[in-house]
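Quick heads-up: it's one chain on its own, the form predicted on its own, in structure tokens.
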Amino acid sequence: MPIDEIEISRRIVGRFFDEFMDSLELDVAIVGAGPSGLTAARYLADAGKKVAVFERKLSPGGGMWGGGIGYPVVIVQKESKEILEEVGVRLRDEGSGYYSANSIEAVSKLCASAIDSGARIFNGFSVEDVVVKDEKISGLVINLSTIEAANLHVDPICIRAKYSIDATGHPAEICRVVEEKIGRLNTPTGRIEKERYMHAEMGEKMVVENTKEVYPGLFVTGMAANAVFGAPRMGPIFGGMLLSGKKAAEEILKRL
């Protein structure tokens, strides 16, 4: 058949805007497509909720891609391996309760499983603000990452969501917006406590404990949770991230 450049362009633009227009109103908007955000998206979508993930970079996966020190291998513990097994990731038993996974396989299957469950992932989008109605976060203010990178003064657009999740990792970007614009979070001081030093065991435990609603309508998950509540980092062990994403989904499902 003949190939027409305009027809190719029409179909790309048409499909994107069909999906994007359908995602302007959501049950849950997730910011950050790392392992915790992707896991939360899958569980929420599996439960029949309308979910979209907004990722600043072109490549979803967060810090999981690089494994440890650039070697594409990550570790999970026994308590969390089931989450990877559910999406078909092949694990190797390393003994003493540790299991290794190829990080590229893990990210690919976390992305694919979230999409298969019905979640949408929009890459190249940044979140610059939140929408607040009746003292509850009711949506996100988004823009193209290219506009942000070029430092252009271009007005954003808005997404409406019943709940939002900050899964932006170490920067805890959405919580920082709330701290700056609203001035209080559900933390001991009402502020972001700042991420602490490396302590893998404590960090893995606390990332799950710290997964909670930090402002009405906003949950925090993954490394963002430890940054907000002042807990340690844990390096290239990702079980806590997966469990955190699952917990965020479970807590939101109780409210929807």
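All of these numbers come straight from a predicted model, not from anything done at the bench. Counting begins at 1, following the sequence as shown.
Beyond what is shown, the protein has a form predicted together with a small molecule; the following relates to that form.
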The small molecule in the predicted complex: contacting segment from 165-173, 94-102, 81-89, 109-117, heavy atom within 4.5 Å: 165-173
Distance check, Lys205 to the small molecule in the predicted complex, heavy atom within 4.5 Å: no
Residue contact check: Val127 to the small molecule in the predicted complex, 4.5 Å heavy atom: yes
Contact flag, Lys57 vs the small molecule in the predicted complex, heavy atom cut 4.5 Å: yes
Residue contact check: Met234 to the small molecule in the predicted complex, 4.5 Å heavy atom: yes
